[in-house]
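Given next, in structure tokens, is a single chain: the form predicted on its own.
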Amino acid sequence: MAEERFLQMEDLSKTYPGVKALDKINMEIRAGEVHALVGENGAGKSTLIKILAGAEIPDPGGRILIDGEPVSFAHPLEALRRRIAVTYQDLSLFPNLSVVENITISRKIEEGARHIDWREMRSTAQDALAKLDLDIDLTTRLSDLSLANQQLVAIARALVHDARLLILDEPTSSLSAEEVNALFRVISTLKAQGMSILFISHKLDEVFAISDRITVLRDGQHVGTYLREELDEEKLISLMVGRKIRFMQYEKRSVGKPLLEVKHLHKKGNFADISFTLHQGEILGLTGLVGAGRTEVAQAIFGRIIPDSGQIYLRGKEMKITSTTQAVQAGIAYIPESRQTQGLFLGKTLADNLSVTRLDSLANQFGIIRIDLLKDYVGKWIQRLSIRPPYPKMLIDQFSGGNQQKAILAKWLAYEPTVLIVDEPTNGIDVGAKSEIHQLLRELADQGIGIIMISSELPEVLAVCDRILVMRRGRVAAEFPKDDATQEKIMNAAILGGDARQDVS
């Protein structure tokens, strides 16, 4: 690994009103290394990325140096011109545009081009894809590609700027194991070409698999930078959170009467012959590979997808759910996988997001919101779910992923649902917040709510769920009671399938 320093940060700080997001960060990124950046949500990772990308300006007194020369970025284009490119978790691509347009558009903006030379654009895009050894049709609309290929298009876009530092923010959050391996091969190729990679992820197994060095942030401060060989997972978690945290292994409990019954649910192209029962007070895990149809089944129960055939029963009564409004009125709540695009009202406050589903109960007879009722209502949910910091007027965008997830939970729990569906409830949040979410789900189950938890993280599924369904290619491939489930059995069912379900007593 090259020892040459590409980028240095000296006493880098960032202060927002009432919050010290970064406090005198000192770290370096070497040429040709994969440098992992880890920490709990709220540790300062996103702020650091934004500063390096030119989207935020650091406090006075800190410096960024490239090849020993001080630089400053007042705009993302200035960072691009210094050959720093960022691929954000939400990709920041244009789904309605073609692959060639997505790869080259930022370069055209940087150049201030007034005319489009399509031949040049195709040549530029093709060269970028060739560097990644990819064969993707340049005319394809981006939205028609898989998430994995969209991720690679975002990386190709960085290459047209001849980037020396590529920042990957949670790049594997929506990828299957096979797609993650393909991405890692691309990263290794870029590293061999001398590019530096700053890799941000909550998935510690991936951090150990791909990184050369690991920097830990905690509460906006630089805890340390370590060679990968100097750490193991337990030590790294301890450095991140200041304490030891493991997934608590919850005991299997007795559950109540059948609550939700799904019988022979079918939707062409999505899933087929889905049947299962959810009991009162039960957490039913729904797992399998990405693309197995898990989310589509959940959306059919919630009325976002209308199945072609099959029945859904709630408390023994057949339900004809053709809209999300009907599902909510029946007592079914659904928390989607994507907080940013489907779960939150970005640009609004915590109070706005907590109260949006119950504004009717907070208004007077003239439809005007009563401030006293709103304050009490918001304060109750902040306290009940331990949302931190407890600032109702703070923009929801500024909260950590774990606290954003709590806000979404509060919004739907206010409806007092009978059935709660949570899709990847801890995706992109840190280990400490994961433990809090797990504990909260178990408490809700103890209150009699039936919970369907969709998750790709097998340790999470095994720790939290009372029973586990494994989906493969749109069908239920296996069913395991908690006591009989292992990662090996689940993966075997997810990859190879099974002729029949396991017997469940």
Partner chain sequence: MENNKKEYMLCGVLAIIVIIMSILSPDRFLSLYNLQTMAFQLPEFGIIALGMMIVILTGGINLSITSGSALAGIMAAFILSGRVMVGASIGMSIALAIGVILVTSVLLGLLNGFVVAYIGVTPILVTLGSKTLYEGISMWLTKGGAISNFPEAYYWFGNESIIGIPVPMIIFIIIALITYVLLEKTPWGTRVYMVGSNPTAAVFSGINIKRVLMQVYVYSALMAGLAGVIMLSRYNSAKVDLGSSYLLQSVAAVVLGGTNIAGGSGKVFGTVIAVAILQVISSGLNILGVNRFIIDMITGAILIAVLTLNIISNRRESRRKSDETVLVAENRG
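Residue numbers count along the first chain shown, from 1. All values derive from a computational prediction rather than experimental measurement.
Unshown form predicted in complex with its partner chain; subsequent notes refer to it.
Only one of 72, 383, 325, 181 lies close to its partner chain in the predicted bound form, with a heavy atom inside 4.5 Å, and it is 325. The contact with its partner chain in the predicted bound form, taken as any heavy atom within 4.5 Å, belongs to 391 out of 226, 391, 313, 208.
Of the stretches 313 to 321, 279 to 287, 186 to 194, 353 to 361, only 353 to 361 has residues with a heavy atom within 4.5 Å of its partner chain in the predicted bound form.
Using a 4.5 angstroms limit between non-hydrogen atoms, residue 434 is distant from its partner chain in the predicted bound form. Among residues of the shown chain, residue 15 is one whose heavy atoms approach its partner chain to within 4.5 Å in the predicted bound form. Interface residue remark: residue 19 is counted as part of the site for its partner chain in the predicted bound form, having a heavy atom within 4.5 Å. Among heavy atoms of residue 304, some come within 4.5 Å of its partner chain in the predicted bound form. Not one of 64, 151 and 164 comes within 4.5 Å of its partner chain in the predicted bound form, counting any heavy atom.
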